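To begin, one chain is listed below as structure tokens, in the form predicted alone.
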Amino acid sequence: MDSILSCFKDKVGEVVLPGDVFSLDLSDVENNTVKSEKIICGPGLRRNGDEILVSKSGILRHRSPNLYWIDSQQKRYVPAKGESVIGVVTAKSGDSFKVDVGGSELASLSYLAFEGATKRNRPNVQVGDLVYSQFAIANKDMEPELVCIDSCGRANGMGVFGADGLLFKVSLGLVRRLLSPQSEIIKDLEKLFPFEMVVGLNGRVWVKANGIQKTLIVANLLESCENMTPQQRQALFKRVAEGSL
């Protein structure tokens, strides 16, 4: 895998296209000239035997130690196991709820998939509610299934939320930037005024500030950050802080 790793490192920051292949020279493996090293494939990359295929266009990104993914402006969401998303409850169906997560089909959410829920103590979930949950099952052969508890049975921030506030949609690339541990966009926004925010990997963002006007300002600023450079973003935020917008 070392030869693939070196190819990846050479391509980090460059544009790759669907159909590009990173392959391992098997003769190097037989001669023990290649050291096996694990590579974690993120969104846009797919492993096929000794090859790694690019499945969507974008810029190749890297995070230590060996995580690689394709950063693109994709808006269509494809469910993946373990990802946390914001969904809208659309219907009650027997012992489960149908939830719209922006994918090609509705996901199911069992009423037992909430902290403390039992057959007698059912959660208070209504059609139209927003739920923050994660995928327990997500593959092309089965119906997507959501849960609002972690592996220890705790809610850990998941469940029904958003009695007030504003829900809007952004690209998946901007979502990953907002969710990064040291997000410059979030740090700059926090300097303007306090607000609450929930970000789902399906491209949905919920925000709530002190009043409707400030909530709309936060939402508009986040949408504006899509294609801005850091300098342009800081200049815009400065104008908002000075009250010139």
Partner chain sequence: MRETPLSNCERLFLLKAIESKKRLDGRQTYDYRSIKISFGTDYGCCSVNLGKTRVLAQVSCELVPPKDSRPTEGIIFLNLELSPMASPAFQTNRQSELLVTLNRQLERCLRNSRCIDTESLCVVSGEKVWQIRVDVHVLNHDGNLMDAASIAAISALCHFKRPDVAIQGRDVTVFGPAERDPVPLSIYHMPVCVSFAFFQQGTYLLVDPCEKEELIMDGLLVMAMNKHREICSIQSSGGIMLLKEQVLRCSKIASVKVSEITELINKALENDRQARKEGGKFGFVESMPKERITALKREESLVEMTDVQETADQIISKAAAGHEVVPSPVIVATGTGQVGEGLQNTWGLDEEDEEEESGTKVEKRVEVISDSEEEDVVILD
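Treat the numbers as computed from the prediction; the structure is a model and nothing was measured. Positions refer to the first chain, counted from 1.
Not on display, but discussed next: the form predicted together with its partner chain.
S.K.: Is R122 near its partner chain? Define near as a heavy atom within 4.5 Å, in the predicted complex.
M.R.: Answer no; every heavy atom of R122 is more than 4.5 Å from its partner chain in the predicted complex.
S.K.: Does T215 reach its partner chain in the predicted complex, with heavy atoms at most 4.5 Å apart?
M.R.: Close contact exists here: in the predicted complex, T215 approaches its partner chain to within 4.5 Å, heavy atoms only.
S.K.: Examine E115 and determine whether its closest non-hydrogen atom to its partner chain in the predicted complex is within 4.5 angstroms.
M.R.: Output for E115 is no: heavy atoms all beyond 4.5 Å of its partner chain.
S.K.: Using a 4.5 Å heavy atom cut-off, state whether G82 contacts its partner chain in the predicted complex.
M.R.: Result no; G82 lies far from its partner chain in the predicted complex.
S.K.: Of the listed stretches (215-223, 40-48, 187-195, 64-72), which one has a non-hydrogen atom within 4.5 Å of its partner chain in the predicted complex?
M.R.: Result of the contact check: 215-223.
S.K.: Can you pick the one in L130, I149, V170, A138 that has a heavy atom within 4.5 Å of its partner chain in the predicted complex?
M.R.: For this set of options, the contacting one is L130.
S.K.: For the stretch 171-206, return the residues whose heavy atoms include at least one within 4.5 Å of its partner chain in the predicted complex, in the order they occur.
M.R.: R204, W206 sit within 4.5 Å of the partner.
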